[in-house]
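Quick setup: one chain, the form predicted on its own, written in structure tokens, and binding and motion questions come after.
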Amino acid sequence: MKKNILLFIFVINLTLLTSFIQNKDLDQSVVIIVNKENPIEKLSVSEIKLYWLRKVKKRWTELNKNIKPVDRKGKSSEQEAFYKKVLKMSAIDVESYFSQKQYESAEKPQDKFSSDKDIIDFVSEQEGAIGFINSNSVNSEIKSKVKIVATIN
């Protein structure tokens, strides 16, 4: 009986710890980045959603370049936070959205990369790119490569 009670307490504590860790990941900040040549200085959450999903515009009018949303390849805490806080969509909803856009108008889906470094490199090379990275990745070298247009807490 005593072993069962101890096992029960252990499972409850493990569940609470796991929940805390997952919520902590979702509470992390992500920064929204664009190419240095993009004249946009700041974007609101609703503007980020519209640009990233290419809902209203498919091009940066200021640059005359196609908008190129950049995503994470595979599940990550940054992606989960971005989807929840900015897009207000699940990962399945995002994939379905881009599949539908590709089917309807042969629109290219978002580019996907494995790490913040890969996203930063792509955004720094592609004038139309918009992506998100972990705020902990930001340093002076990163700021010299890309422009931060928003921080999402």
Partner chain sequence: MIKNTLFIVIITINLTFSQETKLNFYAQPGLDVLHSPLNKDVGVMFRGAQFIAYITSNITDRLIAAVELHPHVNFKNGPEFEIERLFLKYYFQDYFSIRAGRMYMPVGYWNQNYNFAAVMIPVINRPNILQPGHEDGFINTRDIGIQFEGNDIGGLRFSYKAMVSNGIGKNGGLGGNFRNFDTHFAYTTNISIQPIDGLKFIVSGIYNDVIHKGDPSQFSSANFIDNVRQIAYNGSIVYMNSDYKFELIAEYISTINAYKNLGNKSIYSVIFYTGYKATDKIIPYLYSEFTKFDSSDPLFMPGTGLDLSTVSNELTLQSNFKVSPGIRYRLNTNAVLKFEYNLYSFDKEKFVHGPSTQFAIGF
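On a predicted model such as this, the values are computed, not experimentally measured, just so you know. Residue numbers count along the first chain shown, from 1.
Just so you know, the form predicted in complex with the partner chain exists too; it's not on screen, but the next bit is about it.
Visitor: Counting heavy atoms only and using a 4.5 Å cut-off, do 114, 124 and 148 all touch the partner chain in the predicted bound form?
Guide: Judged in the predicted bound form, none of 114, 124 and 148 sits within 4.5 Å of the partner chain.
Visitor: Using a 4.5 Å heavy atom cut-off, state whether residue 90 contacts the partner chain in the predicted bound form.
Guide: Contact check for residue 90: yes, within 4.5 Å of the partner chain in the predicted bound form.
Visitor: Does the partner chain get within 4.5 angstroms of any non-hydrogen atom of residue 95 in the predicted bound form?
Guide: Although the partner chain is absent here, residue 95 would touch it in the predicted bound form, with heavy atoms inside 4.5 Å.
Visitor: Any of the heavy atoms of residue 85 lying within 4.5 Å of the partner chain in the predicted bound form?
Guide: No, residue 85 stays farther than 4.5 Å from the partner chain in the predicted bound form.
Visitor: Residue 41 near the partner chain in the predicted bound form, any heavy atom under 4.5 Å?
Guide: No.
Visitor: Residue by residue through 37-56, tell me which have a non-hydrogen atom within 4.5 angstroms of the partner chain in the predicted bound form.
Guide: Sequence-ordered list: 49, 55, 56.
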